[in-house]
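Have a look below at one chain only, the form predicted alone, in structure tokens format.
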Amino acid sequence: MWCKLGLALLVILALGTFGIAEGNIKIGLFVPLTGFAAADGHSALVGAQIAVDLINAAGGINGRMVELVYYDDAARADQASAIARKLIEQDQVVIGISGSYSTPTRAAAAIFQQAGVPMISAYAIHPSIIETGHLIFRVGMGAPVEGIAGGHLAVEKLGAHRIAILSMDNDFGVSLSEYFKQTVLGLGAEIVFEKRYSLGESEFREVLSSIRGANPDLIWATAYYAGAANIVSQARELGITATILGQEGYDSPKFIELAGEAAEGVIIVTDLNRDSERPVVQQFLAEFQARAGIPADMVGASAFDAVKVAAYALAQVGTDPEDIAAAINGIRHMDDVVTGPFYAFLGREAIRPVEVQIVQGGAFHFFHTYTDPTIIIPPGL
């Protein structure tokens, strides 16, 4: 299944500039394997492990095997900070990868930057993650891109004029809605309702009744998969027929499992196009399904890509932190990634297509792709 990809990666790794040496190359990973985000954490771990196994099957990085050192952060900032220190001081990883959410990723990024060790965020979106310092990178979409793409989708593609905004009151939800709101207002839409809710909330009928009274034609609701399932299920239960537009937090098989028929027709802005004809995508989807027993999601795909980017840089320049950062910044036209292709890294952000998926027949499918530079490149770059 992976023979062509393995051969291609072997050729890339053979071009590296540091010699064969003894000992494994340690890549650190922190993921939420327990708690409310456990499904995403397990997906990120599987995706990262697939990438590591592929790299090692192709001979490793210039003859050295890759060792993935990972810990459970339970999506907590204090845990992520402690893990970052452990990965750096005890495990002596040469690069770290966040397979976790924005709040723990922000906390860990500061530790990695201060210690002079590069870190890649797989999918955490908050803008301040990248602002931490010159050694911190992201392969997933940041909140500005995702929110702006969602705004264009809502108004220009879905024809929304009256929009309700329901935001989870944390780094993820607030930052996404900020850029979405700016965009739809700039495109002439009206915000007819806006409210925040607490992380962990499961009962939305009261706020959804108020939304129904505002008569929107589209609801932008930021949520993680469990909350998203409650929102869409309760909205349909109340007879709300407005289009529900979500984001990458919905991008999990658990969302469809929990929401059932209510998930049908829900549209999300995300990183992964399951219907892509690119071989790397279809091979990853098949391998993930075989290992995990469930369909792949954008979290797993993004973690896979983060490991691939790290391995590419290590193969090119070795383990010096500044050289690794320069190698990642120098990436252009990287095709062998699932959520790509990556056109470039600008401002330490991967510039790549933005995918839109719709739930049809109990699965995510293609709805639209954005490649317009004014949408996919973060503002200010």
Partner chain sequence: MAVLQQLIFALVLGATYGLIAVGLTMVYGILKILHVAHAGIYALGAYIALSVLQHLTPNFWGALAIAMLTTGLAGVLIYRGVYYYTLRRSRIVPLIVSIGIFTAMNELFRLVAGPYQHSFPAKPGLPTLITPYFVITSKQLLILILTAAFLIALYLILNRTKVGLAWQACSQDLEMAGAMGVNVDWAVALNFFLGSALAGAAGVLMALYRNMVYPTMGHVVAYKAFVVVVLGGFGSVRGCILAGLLLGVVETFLGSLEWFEFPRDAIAFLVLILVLMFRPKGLFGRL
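Positions refer to the first chain, counted from 1. Only the largest set of C-alpha atoms that superpose within 1.5 Å between the two forms is called the rigid core. Owing to the predicted nature of the structure, the values given are computational and were not obtained by experimental measurement.
There is also a form predicted together with the partner chain; it is not shown, and the following applies to it.
Partner contacts here mean any heavy atom within 4.5 Å of the partner chain in the predicted bound form, and among 242-250, 301-309, 149-157, 193-201 they occur only in 193-201. A single residue from the set F180, F112, F137, Y225 has any heavy atom within 4.5 angstroms of the partner chain in the predicted bound form; that residue is Y225. Q234 is the sole member of Q79, N273, Q234, T132 with a non-hydrogen atom lying within 4.5 angstroms of the partner chain in the predicted bound form. Contact check for L54: every heavy atom lies farther than 4.5 Å from the partner chain in the predicted bound form. In the predicted bound form, the partner chain lies farther than 4.5 Å from every heavy atom of V66. Looking at S209, you'd find a heavy atom of it within 4.5 angstroms of the partner chain in the predicted bound form. Heavy atoms of L238 reach within 4.5 Å of the partner chain in the predicted bound form, making it an interface residue. Residues K254, E257, L258 of 252-276 are found to place at least one heavy atom within 4.5 Å of the partner chain in the predicted bound form. When the rigid core is held fixed, the Cα atom of M168 travels less than 2 angstroms between this form and the one not shown.
Core-superposed comparison between this form and the one not shown: the CA of Q234 stays below a 2 Å shift. A displacement of 2 angstroms or greater separates the C-alpha positions of R76 between this form and the one not shown, with the rigid core held in common.
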